[in-house]
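Here you get one chain, nothing else, as structure tokens; it is the form predicted alone.
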Amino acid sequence: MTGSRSGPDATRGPARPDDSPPAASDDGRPLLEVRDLVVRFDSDAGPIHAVNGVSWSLAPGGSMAVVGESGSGKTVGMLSLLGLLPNTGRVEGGEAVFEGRDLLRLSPAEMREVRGGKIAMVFQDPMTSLNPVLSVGYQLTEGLRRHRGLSRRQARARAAELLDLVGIPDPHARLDDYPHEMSGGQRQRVMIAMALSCDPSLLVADEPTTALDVTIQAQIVELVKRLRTELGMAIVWITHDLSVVAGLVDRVAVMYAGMLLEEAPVTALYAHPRHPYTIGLLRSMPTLDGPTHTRLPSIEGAPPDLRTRPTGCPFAPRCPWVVDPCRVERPSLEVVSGEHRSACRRWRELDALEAMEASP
């Protein structure tokens, strides 16, 4: 990632009012459109500004990754859309229009019908997400009976089909197993099967491979890719690891301190990142052709204290190319090229700045 990049022929263009890309279905409507989402948490030390005016949209059947360090607001943003925030959290502003309805204004009963039925979520650690005292079959059939009205026998047959779909051998017999009788990879496959049980329009995967070894990680990623193709569902993949999403999604949104700093098609983001934070994340990834026996570069400093909402660019204290205006003015997302957007006032200069940094 060092050295100069010959970026696209980038010119400034007018950003959309909500700074989100034009991801939409054939009739012009996105499956999910988030507009200016704001989430706060109460604490003894004051409010925590977890998500600060984030906007993005996703087309039916589309796929995107939300990437950033721990505490950047990735998971909190999605939990808020599904009404899963803890008691200390609250949505203070914004909209999340899913299939024509604002998720943030649904009643608890309406949200229960959407959650699991229309939008499903796969969590990070399947061992803590699955109930250890209930069989896998019971946990798989519960949603089928509630959302689809199946009989016990029908639900069990469908549950076996789902286990087979996600690659668990001898699925009928495994329905009677308990979570502790399965490996970590098999438990995650069960979680994916549960998420798919009611044919959701949108699958949200919250770092589903973090607790798994690299071989199983690759299997889970390939499984999700296959299922997306076969079932035609949209995917939001939440992760801190850019290397996982390279061949999985169409678009990447980079978050930091509760803000969206860059959003681009995945190939454009890897080839021509237009924000210093994205560049730092990509530099810290190991590569097969990189130098051996050397430390990977790291991003110096620490994320900001979110008890105070940053007045300027939230990445300014850690940015190697910061200038004074970055510290006092919050940059808006600007069009770099096509659907590529960056919230960096110096995005046009990044190639030259990297070249200067790399020169002896």
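Just count from 1 along the sequence shown to find any residue number. What you are looking at is a predicted structure, and each value in this text was computed from that prediction instead of being measured.
Just so it is clear, the following notes concern the form predicted together with a small molecule, a form of the same protein that is not shown.
Student: Would you mind picking out the stretch of 194-202, 221-229, 70-78, 173-181 that comes within 4.5 angstroms of the small molecule in the predicted bound form, counting non-hydrogen atoms?
Tutor: Partner-contacting stretch among the options: 70-78.
Student: Counting only non-hydrogen atoms and a 4.5 Å threshold, tell me whether Leu260, Ser332 and Glu354 all contact the small molecule in the predicted bound form.
Tutor: Not one of the three qualifies.
Student: Since only the chain is shown here, I'm wondering whether Ala59 would be in contact with the small molecule in the predicted bound form (any heavy atom pair within 4.5 Å).
Tutor: No - in the predicted bound form, heavy atoms of Ala59 and the small molecule never come within 4.5 Å of each other.
Student: Could you tell me if Phe41 has a non-hydrogen atom within 4.5 Å of the small molecule in the predicted bound form?
Tutor: Yes, contact at 4.5 Å.
Student: Is there a heavy atom of Pro169 lying 4.5 Å or less from a heavy atom of the small molecule in the predicted bound form?
Tutor: Pro169 lies outside the contact set for the small molecule.
Student: Heavy atom to heavy atom, is Pro86 within 4.5 Å of the small molecule in the predicted bound form?
Tutor: Yes, Pro86 sits close enough to the small molecule in the predicted bound form that at least one of its heavy atoms falls within 4.5 Å.
Student: Between Cys326, Cys319, Ala65, Leu306, only one gets a heavy atom within 4.5 angstroms of the small molecule in the predicted bound form; which residue is that?
Tutor: The residue in contact is Leu306.
Student: Using a 4.5 Å cut on heavy atoms, which of Glu92, Glu207, Asp164, Glu95 is close to the small molecule in the predicted bound form?
Tutor: Residue within 4.5 Å of the partner: Glu207.
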